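Next up: a single chain in structure tokens, the form predicted on its own.
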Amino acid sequence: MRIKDFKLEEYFAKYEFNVKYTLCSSDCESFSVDELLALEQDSLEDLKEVSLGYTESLGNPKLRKEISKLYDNISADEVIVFSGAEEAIFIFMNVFLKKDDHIIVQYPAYQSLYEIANAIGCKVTKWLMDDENSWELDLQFLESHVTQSTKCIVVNFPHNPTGYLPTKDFYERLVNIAKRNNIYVLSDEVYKFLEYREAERLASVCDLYDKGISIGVMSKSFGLAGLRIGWIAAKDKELYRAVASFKNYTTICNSALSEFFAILALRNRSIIINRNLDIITNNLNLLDTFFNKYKDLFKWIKPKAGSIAFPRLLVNDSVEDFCLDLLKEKSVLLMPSTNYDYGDRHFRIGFGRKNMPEALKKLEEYIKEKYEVLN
């Protein structure tokens, strides 16, 4: 298999650790080992007893049990743990798809959600989102592009990079389309629990549909990207066995230390999620004020969930040049839409970290210097 270069990840590899401010981070503020251990009284003693041998390929049973509690109708035996969500996506695509299969992918999207299928030789239809329609998806488009060879609909709610979240009615209709046509749904749910209104939270697709596959991770909502712990939750037993078997050709098993800290974090998930939502709420208020102030320069569609958004640059400058110049002048990193293969007008901004206000001030300094007309 030959896969195209992963533009977004290569961009991060080049710049992320060489700048002062990463203003496009997709994850929330992380935690130190000490902060996690402080969540439970005996955690340090428990950590000292962790064996550093091989772990179970499917994942530590205690971890799978904690993950299953995130769902309404999933047991620990329906969860497989991976080294991040990326491995879960890669394995699912390779196990499930074959050449000439057809998939429909919500777009823009994290590159692996469609590029692996392209590399396999699948036909990929992009279900396009547009800020002219406030990022809303068109179900009529979905229905009209389902064919006899359509095997899977790939969605991501809350959405990376726009922060879009559909209504529950829309989501139910989407799942019903899949059911009527006997199509699988792969749902990237890595930002679940970061809905600004809990009442708007969607059910996981694996809870709604026996051909629904939910992907989760500790990186985004929980702010624990360094653990490299992700998972698949699915009821399809045949698919589950195939995915588990394929994992023997990738990581085989996960880090024992990462699994220990993931268990600890999930047992205390409400504390972690609430802290991250507080950071997001405060930062989002600052962004609302900022983008309202510079509404002649940017188009801002306020996200409904998650820790990222996708504003549009309204002046006739290349957004890629804008981002690289900002990087050079202020050591602030934004993610241009070119790394999503989504034109050259948008950029991803992240607001899940504590230093976002400081980074935003640097962005404003740059704007005032570059666009004097706005002073």
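Numbers for residues come from their place in the sequence shown, where the first is 1. Treat the numbers as computed from the prediction; the structure is a model and nothing was measured.
Another form exists, predicted in complex with a small molecule; not displayed. Remarks below refer to it.
With a 4.5 Å cutoff on heavy atoms, residue 86 counts as touching the small molecule in the predicted complex. Although the partner is absent here, residue 26 is a contact residue: one of its heavy atoms lies within 4.5 angstroms of the small molecule in the predicted complex. None of the heavy atoms of residue 192 is located within 4.5 Å of the small molecule in the predicted complex.
By the criterion of a heavy atom within 4.5 Å, residue 220 is counted among the residues contacting the small molecule in the predicted complex. Proximity to the small molecule in the predicted complex, taken as heavy atoms within 4.5 Å, picks out 183-191 from the listed stretches 167-175, 299-307, 250-258, 183-191. Of the residues 160, 106, 276, 204, just one reaches the small molecule in the predicted complex with a heavy atom at 4.5 Å or closer; this is 160.
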